[in-house]
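Consider the single chain below, provided in structure tokens and representing the form predicted on its own.
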Amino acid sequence: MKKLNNYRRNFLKNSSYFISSLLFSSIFKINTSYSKSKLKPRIIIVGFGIGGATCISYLLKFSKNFDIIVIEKNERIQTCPMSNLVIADIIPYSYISHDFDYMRLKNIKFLNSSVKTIYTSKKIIETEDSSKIDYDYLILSPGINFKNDIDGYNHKDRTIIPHCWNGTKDLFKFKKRLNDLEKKSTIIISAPDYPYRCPPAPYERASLLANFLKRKKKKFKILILDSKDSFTKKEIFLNEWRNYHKESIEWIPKSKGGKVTYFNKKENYVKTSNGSKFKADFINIIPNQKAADILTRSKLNGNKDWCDVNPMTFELKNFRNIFVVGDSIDAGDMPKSAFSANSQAKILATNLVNRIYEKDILSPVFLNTCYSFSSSKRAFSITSWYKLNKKKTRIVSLGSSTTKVDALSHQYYDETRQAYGWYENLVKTLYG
């Protein structure tokens, strides 16, 4: 196990160094041949989450040469990574909530608004207050949207338990409803079908809710009703549940009637695809997902759930100089995660600069590491690396490395420290 962890760390370190070397090499060449045009190209970035903020961190080196505008609807950023730990009272909310470092971003214009429409033929965006702004290049990192494909369920209904899958303060409402549970309760978590943001997160949430309720000395039963027959890190999660939560967490896959098809808000029960009925005191439906609403409203995703992009540049298919990164795209074998968005955005920003300065486009490699917690001091991970296929049309997996199921306690604790280290380094780099 130690040898495997060292291999994974070395791979991440060397691959990250390789990517950074490519980026900074490209940047150096560009600076030495900067065109002295009087007009600065205008780049608009919509969304200051992980994908958008990563693009900004790389474009910041050229902020005197470009006219960069960031449009973000929120006044603070709340990250999805680590949010399950906040729900479970393991870390404070302040850990995942971040201000904008305007001093560091002093050459970049910020607009606290949302985009209503994108007029691609005119290269203009319209904000919620009907202001219109023209662009030369548009980067969209808008997150995701949710489907209402369960009868009786509406993700916008403020009277039900929020899904807490979109980086909002709804998690406070979630926590209150959790704290209000009686001494003996049944909890249902409805896990969505692939693809969705952060594949292991529903199972991490079940683990951490169990951990929270045990600390509160409450008796409980958690049912995970799943739209799938398998999930990421399944064997590790099942092992954690057997050893640390005994019979308190039960996973019901799609093949055994786990897919939720009906939700009764008034009587607090759900029905599944085989007609089974499950009643609970706390029902957390995590809805199926699709590309962000702005992409659909502006007819940029061709009536598909996800956007098709060129994986070399992340330029939107059939739309010149519009780029999409993060959870709204079809990223081939890459999962929808903060680490993926960060890895993709580095390539997007670098190759956008290369295009503007008429330099060679880099052929990318990508990384993703996903950490999951089963308690405050037990974390485990999967690390995967990716490249493009021979036709340069799709991101494909090169393989992965996962924490061993029989890893020792100190190794799980070591992964816990790595998870915190990764997150803290990421948000420090992006948000200061």
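Predicted, not measured: the structure shown is a model, and the values here were computed from it. Quick note: we count residues from 1 along the sequence shown, nothing fancier.
Just so you know, the form predicted together with a small molecule exists too; it's not on screen, but the next bit is about it.
Colleague: Under a 4.5 angstroms heavy atom criterion, identify the one residue in P287, P195, G152, P81 near the small molecule in the predicted bound form.
Modeller: Contact with the small molecule in the predicted bound form is made by P81 alone.
Colleague: Just to be sure I understand the contacts: of V270, L209, I322, I71, which is the one whose heavy atoms reach within 4.5 angstroms of the small molecule in the predicted bound form?
Modeller: Selected residue: I71.
Colleague: If we define contact as a non-hydrogen atom of the residue within 4.5 angstroms of the partner, is S337 a contact of the small molecule in the predicted bound form?
Modeller: Yes - in the predicted bound form, heavy atoms of S337 and the small molecule come within 4.5 Å of each other.
Colleague: Decide whether G143 counts as a contact residue for the small molecule in the predicted bound form under a heavy atom distance cut-off of 4.5 Å.
Modeller: Yes, contact at 4.5 Å.
Colleague: Just to confirm, K259 within 4.5 Å of the small molecule in the predicted bound form by heavy atoms?
Modeller: Looking in the predicted bound form, residue contacts with the small molecule do not include K259, since no heavy atom lies within 4.5 Å.
Colleague: Would I294 count as a contact of the small molecule in the predicted bound form, using a 4.5 angstroms cut-off between non-hydrogen atoms?
Modeller: Although the small molecule is absent here, I294 would touch it in the predicted bound form, with heavy atoms inside 4.5 Å.
Colleague: Can you pick the stretch from 349-357, 275-283, 183-191, 108-116 whose heavy atoms fall within 4.5 Å of the small molecule in the predicted bound form?
Modeller: That would be stretch 108-116.
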